[in-house]
Each structure stands twice: as C-alpha cells, then as structure tokens.
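Take a look at this one chain, the form predicted on its own, written out in structure tokens.
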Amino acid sequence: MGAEILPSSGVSIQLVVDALRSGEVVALPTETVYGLAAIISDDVALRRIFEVKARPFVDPLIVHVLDLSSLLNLVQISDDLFNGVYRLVDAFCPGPLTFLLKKRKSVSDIITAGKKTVAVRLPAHTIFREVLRQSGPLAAPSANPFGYLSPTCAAHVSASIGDKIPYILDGGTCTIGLESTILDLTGKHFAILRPGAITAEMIEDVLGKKIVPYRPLVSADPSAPGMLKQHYSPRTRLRLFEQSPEVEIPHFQENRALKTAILYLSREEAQSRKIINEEKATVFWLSENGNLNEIAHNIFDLLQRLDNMNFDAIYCQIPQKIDIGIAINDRLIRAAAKF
C-alpha cells in the first residue's frame, strides 16, 4: 500500500506526530521543498531516512527546530558568534536559512555523517512548525530518492517514495521551491555552502560585514547537503543553454527524430527564440516575465512533469547569476551533471 496523503488538519498532525514518536519516518511540507522527517533522538528512524532515500551515509542531514532556544541546545557557540546568529535568526527565521555550526555531543553521528558540525534551520511552514511543537526537533532531508528532483508538492512525494512511508502531510505547493541557503559559521569567515533564497547580499546587510560568497564546490565527503557533483537530476537527459538567439537540438538519434522539451525562463523568451531542428520540439516556459522567484518556485515542478512525458531530452535555459538565480543555476548544473 502507498502512503496516505493526509489533509492539513489537527487530526492529521496528531496522527503524524504519533507516527514519528513510534519510530516512523513521514513526509512533511516546508516552504522550500517537502522533507522526509524523523525524530533526532531515534537512530533507527534516522537510518530509515537513508534507506528510504537510498542516500549515502556520508551525506549529512539538516535538523529542523522550532526556535532559537532549540537550536542552541544542539550546537556549541561562543558569545561572539551568538551575536551574529541572533541577528540572522531575527532577520530571516523562521525561513529558508540553514546554519552550519559545531555540534554538541548529544547530536547523533548519523545526522552529521560523523562530522563535528551540524546543519540546523527554523522552517517557516505553519504545518511543519506545529509538528515541531509536538514532536521536538526533526531531521528532514528532501522527501525524494537520493539524487532525484526535489519534491514541491505531496504528489511528487507520493510518486517517488510513497510506497516506502506511511504518511504524507499535504501542505500544498511549497512557496519557494528550492532548498534553503546553507551558511557555514564554523570558520574565520562566514561562507555560503549552498545558495538559496537568502542571498549573500542579504546576509551581509544584516551582519554589516562581508561573507565568502557561494563558490560551486564538489565533495565526495560533504560537510553539508547539496555539495555532491550530481544531484537534483531528472531521469530524462538534461541539457542547459544560456541566453542565445538560437537553440540547436539534435535532429536524429538511431534513425529517429528526438522528442525534445525546450524550457525557457519566460514566455517572451519562448516566443522570440529560433529553434533549429524543431520538428519534434515542444516549448515550455517557467514564468511570464522572467521573474526569478517565480522561476525558482516552478523549476522542480515543471521538470517533474516533463520527466513523466516521455521526452528523449530536456533543454533548459539557465538564468543570470544574480539573487536567487545563483541557486537556480546551482541546481540545474548539478542536475545536468548526471548526463
């Protein structure tokens, strides 16, 4: 039997909390993407997260907490560092910002992949926060098979891992649609390890000092999620293109015409570009006018839909590396690395 998709209600939340307390893993909505959650003190349930996702144990998890007090219970933090963390929490939390900090001994090595640091964030989604009020801190990576497109609605979770978990709590479509920004606070200079909706410029404005901007890092032993070379990938071959007047797609493969999806950033782009060898090309767009937040909101959902439409290839335009466009670029480049 597949997972039961539960409507948003007090009864559903209680059912999910009871399941978590009994050692189950369940899917929960956040403002970024849906998460696969387990109570952080239950090592058996934590291992179950990795099993359900087929996730390597070297890739650490993010812990979700309700408030600053709960965060401080999990990390070691100096007085000087606390001031910066407090200002960031006050400005951006609850929200899509994850802090990488030195962990306390009480935090399971399963969560941290044996490392001395732990990633923690305060999610904004009201349903997830109500679950946290009743359950306590939860580890929750994205609720999808490892390396696949992140889920931004309950149907995505059901289609990919619904046969492996008991419940999916339906909180609607994720408002942001991309995973949280991860900010490393363990070094001399703060550094973004994974870009997201909270940008380096936003963080610098709050702190009043420069941080190390995002640099695409690849690691086989990552200190935080999202640092592997290949990630967020559809099953369909994905190719990327930049802002050019023409897009050329392969015409034939093994003596047959390719069925190709061309994915533009905006309706205007889609209507103005010339496609070479367009006989089998179908055009889609991510936003009406190229709004980056709208593109971020739609990218995983549209790629999920295209992945189920039997295309031979997907060609996707990538945005400029500004604001949340940096995060969109990061996800697409890692998604295309598989191919």
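It should be emphasised that the depicted structure is a prediction, and the values quoted were computed from it without experimental measurement. Note that residue numbering begins at 1 and tracks the sequence as displayed.
Below, we refer to the form predicted in complex with threonylcarbamoyladenylate, which is not included among the displayed structures.
Residue-level contacts in the predicted bound form: of 33, 314, 26, 296, one residue has a heavy atom within 4.5 Å of threonylcarbamoyladenylate, and it is 33.
Residue 117 is the only one of 199, 160, 175, 117 with a heavy atom lying within 4.5 Å of threonylcarbamoyladenylate in the predicted bound form.
Proximity of residue 141 to threonylcarbamoyladenylate in the predicted bound form falls within the 4.5 Å heavy atom cutoff.
For residue 152, no non-hydrogen atom is located within 4.5 Å of threonylcarbamoyladenylate in the predicted bound form, even though that partner is not displayed. Using a 4.5 angstroms limit between non-hydrogen atoms, residue 48 is distant from threonylcarbamoyladenylate in the predicted bound form. Under a 4.5 angstroms non-hydrogen atom cutoff, threonylcarbamoyladenylate in the predicted bound form lacks residue 273 among its neighbouring residues. Figure note: of the listed segments 78 to 86, 93 to 101, 163 to 171, 262 to 270, the one touching threonylcarbamoyladenylate in the predicted bound form, with heavy atoms no more than 4.5 Å away, is 93 to 101. Along 40 to 77, these residues reach a heavy atom to within 4.5 Å of threonylcarbamoyladenylate in the predicted bound form: 55, 59, 60, 61, 62, 64.
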